[in-house]
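Next up is one chain by itself, shown in structure tokens, the form predicted alone.
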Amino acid sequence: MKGIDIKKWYHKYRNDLKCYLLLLVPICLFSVFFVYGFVRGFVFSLLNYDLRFVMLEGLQFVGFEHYAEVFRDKDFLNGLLHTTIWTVVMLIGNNGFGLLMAVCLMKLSRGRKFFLAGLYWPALVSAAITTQITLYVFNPTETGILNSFLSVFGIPPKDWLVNEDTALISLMVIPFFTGFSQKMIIFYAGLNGIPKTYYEAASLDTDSGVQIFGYITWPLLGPVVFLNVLLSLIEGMKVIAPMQLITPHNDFTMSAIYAMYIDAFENTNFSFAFAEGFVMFVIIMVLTVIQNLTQKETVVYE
């Protein structure tokens, strides 16, 4: 049996080796910070890792007791409801505005890059700045932007961020109109990837822009729509910054992730928080799988 010719083997697989070496660092980082943390978190969710009691009683195995308790916890279920509303609204608003802006940019013959850069700037604004803008607009005093505008019509100032009927809506307004930038970039790239020959062929049959968009543009944007919807679902389900920075401990705006944060870092009940996190993980995974299954028959990849 002949031995392996190392030099010949290296020349044959050197490109593959370079790729594996480049992937080694991100794979190690992923393993350490995600896989290890994922497994360790699941183990802790099966224990009574509560700092209020663990020093006295020690760690004890409780199985799936915390998972059963999650579905009885009113704060988490209330937060899950608000998170669902937030996700649906932002998915529609951000993707709708993103697609509209991308289509408008494609119609420009000059200055496209300038307006593309200008419309992308909201994506560079941090969550802290966005929350400050929300506070300025919905300030409950007479100096608030919205209250100042309504006072012109004789409408008294309102506590927008405290009232049960307006608190969650007030939090969603600014992100609804400013969260389209990243979606716009992805839609813009997708529109640029559609061959112009399709539009030239369609123009022979109709001059209607609506029909061309419905029969040509929209079907060919299937993979891009899938990606943007998936990103919107993940972003929406993990929302926490507006609730934590603007309306902390407000039952009318509590999100699922914020409820998990409170259980972990304020109530020191880490095992229960881990269980809440894994419930959210399963929900996101189920939504992703459902979306993937429904898109397989409708997405056009060529």
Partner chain sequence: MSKILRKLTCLILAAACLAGGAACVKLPEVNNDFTFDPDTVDPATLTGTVSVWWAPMDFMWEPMERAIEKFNKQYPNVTIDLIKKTRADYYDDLNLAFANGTAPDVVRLDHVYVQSLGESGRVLDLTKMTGGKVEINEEEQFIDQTWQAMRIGEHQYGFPLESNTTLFMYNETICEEVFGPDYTPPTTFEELCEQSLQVRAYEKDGENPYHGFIMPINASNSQHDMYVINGWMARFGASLLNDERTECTLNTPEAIEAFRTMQDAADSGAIEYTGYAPYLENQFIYDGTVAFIEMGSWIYNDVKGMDLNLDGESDIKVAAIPSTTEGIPGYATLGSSGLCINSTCKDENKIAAYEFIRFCATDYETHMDFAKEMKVFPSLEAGLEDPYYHEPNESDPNWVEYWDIFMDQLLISVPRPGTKFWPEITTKLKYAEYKLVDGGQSPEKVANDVTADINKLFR
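From a predicted model like this one, the values you see are computed outputs, not experimental measurements. Numbering follows the first chain given and starts at 1.
This protein has a second form, the form predicted in complex with its partner chain, left out of what is shown; the following refers to that one.
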{"query": "Its partner chain in the predicted bound form reached by all of V35, V43 and N250, non-hydrogen atom within 4.5 Å", "finding": "yes"}
{"query": "Interface membership of L161, its partner chain in the predicted bound form, 4.5 Å heavy atom rule", "finding": "yes"}
{"query": "Contact of I290 with its partner chain in the predicted bound form (heavy atom, 4.5 Å)", "finding": "no"}
{"query": "Contact test in the predicted bound form: T84 vs its partner chain, heavy atoms, 4.5 Å", "finding": "no"}
{"query": "Any non-hydrogen atom of L233 within 4.5 angstroms of its partner chain in the predicted bound form", "finding": "no"}
{"query": "Residues in 250 to 266 with any heavy atom within 4.5 Å of its partner chain in the predicted bound form", "finding": "N250, D251, F252, M254, Y261, F265, E266"}
